[in-house]
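Read on for two forms of one protein chain; each stands alone as structure tokens, with the labels structure 1 and structure 2.
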Structure 1
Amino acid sequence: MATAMSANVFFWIIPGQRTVMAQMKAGQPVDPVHGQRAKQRSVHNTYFTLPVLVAMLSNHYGWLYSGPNNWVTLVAIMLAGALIRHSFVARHQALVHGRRVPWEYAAVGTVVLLGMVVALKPAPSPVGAAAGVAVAGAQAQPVTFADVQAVMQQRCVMCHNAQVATKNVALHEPALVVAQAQNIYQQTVVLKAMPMNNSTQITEEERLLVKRWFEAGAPGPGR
């Protein structure tokens, strides 16, 4: 989307303006098609503004892209952003012509965003008797560093090692895992942003294991 916005400016809007100015300086009749194209592309960019900002920032928020229907999330947010942006465009036109400001577009866009909040809200944990017993049994067993290191080796080390330390984070040695305990907990348990797009298929049970390890003080090797 950002590439399309840039192309609209550099290949249509600016060249059209230069052509119009050259025609005016030469005393030639101005071809209105250049102004029409420039306005059209400017309108496109106007409605792209908010959606493209969200898309550019989305890599900081795992819930925007890590779900199975992430494309639906993107389309819904694009729609909401376009509706809200249209409300501001219509507001300026309404004020110029002395008409009522049509805030209903922004209201619909806000409702779409609230709907996405509800739809993306994590499902509650099962509270049945069998599930409760299983969770209680799992939590009764202490988590060792060896358990966590096994998860790191299988799910994380391929992108965080001595050769490929993505974002300057390496997890191939026990001391490094302990040193990065806060980041590991934040990215894999709280945000669920890592592994990126869950490319290594980490399970919820493994995330729970990391959570219990961190909450127990992130013990190191031998504990």
Structure 2
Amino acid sequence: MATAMSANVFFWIIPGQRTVMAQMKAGQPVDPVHGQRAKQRSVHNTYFTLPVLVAMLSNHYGWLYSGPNNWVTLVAIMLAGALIRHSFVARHQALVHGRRVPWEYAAVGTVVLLGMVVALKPAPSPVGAAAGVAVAGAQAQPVTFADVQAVMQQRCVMCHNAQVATKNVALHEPALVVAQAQNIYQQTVVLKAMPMNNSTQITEEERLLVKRWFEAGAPGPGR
């Protein structure tokens, strides 16, 4: 979206302006099509503004993009953003021409957002049922702390250690891993936000391992 917006400016709006300037300087009649095209692209960009902001910030909010129908979420947010933006545009026009400000668009956009709040409501937490799952997990192959520590060493420690403790999280020692269990589970299993951009290429099996370890009560070394 941001690329399309930039392209609108660099390939249509600015070249159009240059052409018009050149025509004026040369004393030629100005072709209105350049202004019309620039205006059209500028309108597109206006409606993209709010959706692109949400999309750019969304990586901080796992519940926005980690659900099964994440594309529906994106489309609904874009729709709501465009509707709300349209209210701003229409308000400006209405004030210039002395007409009533049409707030309906913003109202519908807000209703779409409220609908999403309801639709994206979290399911009852699996963490709350951890005790029950621990019993079931014990029947499967138990996860040892050594397994989890191996994953941490390979996938996390390069950004979370004594020298580089990104966001104040260090995971280079067993006690640190145990102390951060809840946080590790949340970032690696629930949100899948870590490893950052999966730069260390953690596998789904390894995420599952972290999940089972946490659900079994996050045992420390020697257990």
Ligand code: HEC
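Computed from a predicted model, the values in this text were never measured in an experiment. Numbers follow structure 1, counted from its first residue as 1. Whichever C-alpha set is largest while still superposing within 1.5 Å between the two forms counts as the rigid core.
Only one of the two shown forms is the form predicted in complex with ligand HEC, so please name it by number. Answer 2, the form predicted in complex with ligand HEC.
Is the shift of residue 36 between structures 1 and 2 large enough to count as movement, that is, does its C-alpha move by 2 Å or more after the core is superposed? It does not, since the residue 36 C-alpha is displaced less than 2 Å between structures 1 and 2 after the core fit.
Following rigid core alignment, is the displacement of the residue 18 C-alpha between structures 1 and 2 equal to or greater than 2 angstroms? No, shifts by less than 2 Å.
Quick one: once the rigid core is lined up, does residue 150 have its C-alpha move by 2 Å or more between structures 1 and 2? Yes, shifts by 2 Å or more.
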